[in-house]
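As structure tokens, one chain now follows by itself in the form predicted on its own.
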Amino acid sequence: MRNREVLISGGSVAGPALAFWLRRYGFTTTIVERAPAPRTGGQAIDIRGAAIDVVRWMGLLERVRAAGTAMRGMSFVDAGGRPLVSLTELTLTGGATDGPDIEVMRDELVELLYGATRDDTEYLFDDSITALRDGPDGVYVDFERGGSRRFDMVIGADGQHSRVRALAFGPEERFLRHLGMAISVFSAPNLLGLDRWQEFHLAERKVVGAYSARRNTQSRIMFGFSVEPGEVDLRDPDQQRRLIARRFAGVGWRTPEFLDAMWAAPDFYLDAMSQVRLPRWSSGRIGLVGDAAYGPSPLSGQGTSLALVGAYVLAGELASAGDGNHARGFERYQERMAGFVEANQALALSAAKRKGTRFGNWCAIQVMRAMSRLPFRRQLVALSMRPLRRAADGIELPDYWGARSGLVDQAGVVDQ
């Protein structure tokens, strides 16, 4: 098999996972990442269903489990901080506490994926792609820090606001479906003294909360609120902070303290919740994976799992297609992933319909209170998780070249 060179834009989850599998099949991989180093901070993310199998086949399952948040439950409080309800069977960020899923902090998963790829993948940190020219003999790429290089393929794994997608497919407005909400997450000291616990306060079309991170040495503060399309300025973090400060002015509980922490947070993040929908995930020698292609939004709880599964399938199909047949590889990748993507994106659309009105918040608290008193509450949680379970398990993954059993070596040759 001829050694093929692939440039991957994005060094978070989908990019390194794709590089891992491509290297297994004999490709040469380069990752370009705008950040100066692997990104820190970020929210709790979930690995479910088929994605757990992918992590197992990567040889990372035990390390990912060890890095898991091991959340014990969550509670809701009123504006004065008085407890309204507590649950040990369920968390807002991770679902059932006793299920097979793995919840891990995003930056800890990024560290593990970087560690699994840094020795055989070239990383170009603090750089980005400025131009792409797709030709018959490869893709010519211009970089922000200067210079141009040719690659056999370019894959955009650079998130919801993908630069590769914009350059190769057009403006993002064509592909983003706005869901009417925004979420902000950032690191702070463990201000509430939480022990693997989450605590939240619901207000009119708003939620504010904190949960422990990094084995209780930190917390992640979360603000969620309704927004109109275009209300969040992606280019101006200070405007984003001012927007949150206005929206949450006068909200009770520990909100003023959280707002103070927001201004000092080095990893402040805010974005509107949107879903990425494209008719095709490839054009010529350029393809997309993860959120860049089919980001379901955080409302689905499945963005990370889609990224991991998509990376595995894309690498396997490109390898199976053979030399020079990238078009067939991209086509088979979309065919195999389409139903899985649709089922998981539907989870977010269903969640977006539930508006956080004052009455809706009251009803949610009453339902949780009633559930907390029932002896069969774990069975109720399991029942409520069934749609997510079906979506998470909704793909049969091929054993590309013996990938499951580790038969493929780093040269892409099946061991005998």
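Nothing here was measured: the structure is a model prediction, and the numbers come from that model. Position 1 is the first residue in the sequence shown; the rest follow in order.
Beyond the structure shown, there is the form predicted together with a small molecule, which is absent from this document and is the topic of what follows.
- Here the chain stands by itself, but in the predicted bound form one stretch of 302-310, 145-153, 242-250, 68-76, 302-310, has heavy atoms within 4.5 Å of the small molecule.
- Residues G10, A14 and R163 are all found to lie within 4.5 Å of the small molecule in the predicted bound form, as judged by heavy atom distances.
- At least one heavy atom of V32 is located within 4.5 Å of the small molecule in the predicted bound form.
- The small molecule is not drawn, but in the predicted bound form it has no heavy atom within 4.5 Å of L288.
- Among heavy atoms of R378, none comes within 4.5 Å of the small molecule in the predicted bound form.
- For the chain shown alone, D127 is a contact residue for the small molecule in the predicted bound form, at least one non-hydrogen atom being within 4.5 angstroms.
- Comment: the small molecule is not present in this chain, but in the predicted bound form one of L192, A182, V185, L87 has a heavy atom within 4.5 Å of it, namely V185.
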